[in-house]
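Shown here is one chain on its own, the form predicted alone, set out as structure tokens.
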Amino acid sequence: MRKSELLVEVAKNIGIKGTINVPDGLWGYGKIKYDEGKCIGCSKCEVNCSEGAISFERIFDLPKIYEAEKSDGSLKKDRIVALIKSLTLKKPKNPINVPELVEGYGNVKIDLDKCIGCGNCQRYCTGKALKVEKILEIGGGN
């Protein structure tokens, strides 16, 4: 059991409900928010994660991007998607691997069982795509 899960169980048992703000200086608690649209594919998050909780997959998720109705904020990705839409005869079904020399495309995967909430991913993220939220959600009691 992760220590954040243990804290949630303790809070439930003493009747706390709702959201708890984690005090500064207490790490290992919280959750990571990932904004795919801001990710520039540098993989610094993966390199600087001391716990191996983050992996950067060099994929371009064509079906997901193809279906998106609004821009993710990246002009480069918008242009690629527009090109793909103009060239395709049917909707793509699978993600594609991105070659090593092509930068700016990929997807971050976070293993919350390994994450200790240290904030290294946020500190080293060039595109400001990762943010550690120092909160815990506490559900109803037993």
Partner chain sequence: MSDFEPKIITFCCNYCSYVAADTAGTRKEHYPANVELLRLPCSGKVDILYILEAFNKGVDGVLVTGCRKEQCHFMEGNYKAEAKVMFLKDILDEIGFGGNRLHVQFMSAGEPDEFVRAVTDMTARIKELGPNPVENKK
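Think of the rigid core as the biggest set of C-alphas that the two forms share within 1.5 Å after superposition. Positions refer to the first chain, counted from 1. Everything numeric in this text was worked out from a predicted model, so none of it was measured.
As for the form predicted in complex with its partner chain, it is not shown, yet the points below apply to it.
Asker: Flag this candidate site as yes only if Leu62, Ser86 and Leu89 all have a heavy atom within 4.5 Å of its partner chain in the model of the complex; otherwise mark no.
Answerer: Yes, the whole trio is in contact, each within 4.5 Å by some heavy atom.
Asker: Sort through Val98, Cys49, Ile110, Ile116 and report the residue having a heavy atom within 4.5 Å of its partner chain in the model of the complex.
Answerer: Among Val98, Cys49, Ile110, Ile116, a heavy atom within 4.5 Å of its partner chain in the model of the complex occurs only for Val98.
Asker: Taking its partner chain as it sits in the model of the complex, is Tyr105 near enough to touch it, meaning that at least one heavy atom pair lies within 4.5 angstroms?
Answerer: The answer is yes: Tyr105 has a heavy atom within 4.5 Å of its partner chain.
Asker: State yes or no: after fitting on the rigid core, is the Cα displacement of Ile96 between this form and the one not shown at least 2 Å?
Answerer: The answer is yes, as the C-alpha of Ile96 shifts between this form and the one not shown by 2 Å or more after core alignment.
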